[in-house]
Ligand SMILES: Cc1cc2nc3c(=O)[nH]c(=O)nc-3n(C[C@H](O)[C@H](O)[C@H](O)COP(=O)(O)OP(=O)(O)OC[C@H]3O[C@@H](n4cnc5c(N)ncnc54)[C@H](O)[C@@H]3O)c2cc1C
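This document starts with one chain, in the form predicted alone, laid out as structure tokens.
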């Protein structure tokens, strides 16, 4: 038997480390369409900003693969899975047999239909090669248009701004980070961006990318034209599961797994951003494309692949980002309207705090600016603690463990708590 992992990001690392805790002998093969050893994807914006070098981006030490008995096939893409033969086929025609297979291919950029696609100088921004291609052109660029004001688009905007490039961000919604921030929170972040010099166009979208061989501008839905030297499409990501679906793996929005991270095919598992996983706050399954969740799913998958039963109990959607000195943390159901939810908010001196309640438990939170209590609130969300006795203190600047009931305080802080 051999373990084969398709993909080489954080979910793969979680699986490798879990397998090796149980099975130190059987070979692990990692296949990835990227030519790089595992790196920290969140750092590509810092790389583009010139704040970190490529050699500083490794997610594990250089000898990680050798130490863990991992064979790598980098720069090669899996095009099909043959579950009957228990093998995967690569784009160069090679076949690799597996005993247990993990699909950890992450996400792929979502690019909506628009006129002018296919030109040069149109980029996405989720991988190292994306950042390298854009970085190489920075000396030639004066103005870049970014389509999408989510986390990816705004970090790309910040990075290019630091390099002296003028940036215009075009967003269909009426505010930045609309998926996780409400109007008030989005307004604070947008003000910081505009104050720093980022141009923000909301309630609009790109209808056509202009230019001949290479992009040199965009035409917006309202007819306005914006000249630029490149376009970055950063609307979002979708699970990278096309080849898996074509091979018989059950795919809804992402690959469908059970709580052991098993797919519908025997001995085939999936983990990370390519999957749908249980959301214990909102019920049902959903794609939760966040770094810690991917590692945990990879770990659970690895243990089960090696014969140790473990269940994934559910993910918590969380995001943490800092833009031009303004930190933002969101957790759980941060921006969902529902009759069974109650929202508490506080805006003061450019800081924003939002707590979302379902009955006597916290199910969501947003912190913009002052974030020093975010960890405590996130813990209450994760553990679904009854907050009835401290409800009136949740938005206080000095809310903390002192507000917890004595027994809960002892549990959190140990014997020193009284």
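All of these numbers come straight from a predicted model, not from anything done at the bench. Numbering follows the first chain given and starts at 1.
Here the subject shifts to the form predicted in complex with this ligand, a form of this protein not shown in this document.
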Proximity to this ligand in the predicted complex (heavy atom, within 4.5 Å), stretch among 177-185, 224-232, 240-248, 337-345: 240-248
Interface membership of residue 273, this ligand in the predicted complex, 4.5 Å heavy atom rule: yes
Distance check, residue 372 to this ligand in the predicted complex, heavy atom within 4.5 Å: no
Touches this ligand in the predicted complex: residue 196 (any heavy atom, 4.5 Å): no
4.5 Å heavy atom contact, residue 292 to this ligand in the predicted complex: yes
Selected contact from 315, 107, 150, 332, since only one has a non-hydrogen atom within 4.5 angstroms of this ligand in the predicted complex: 107
Proximity to this ligand in the predicted complex, single hit among 191, 87, 320, 204 (heavy atom within 4.5 Å): 320
Heavy atom within 4.5 Å of this ligand in the predicted complex - qualifying residues of 20-39: 31, 32, 33, 34
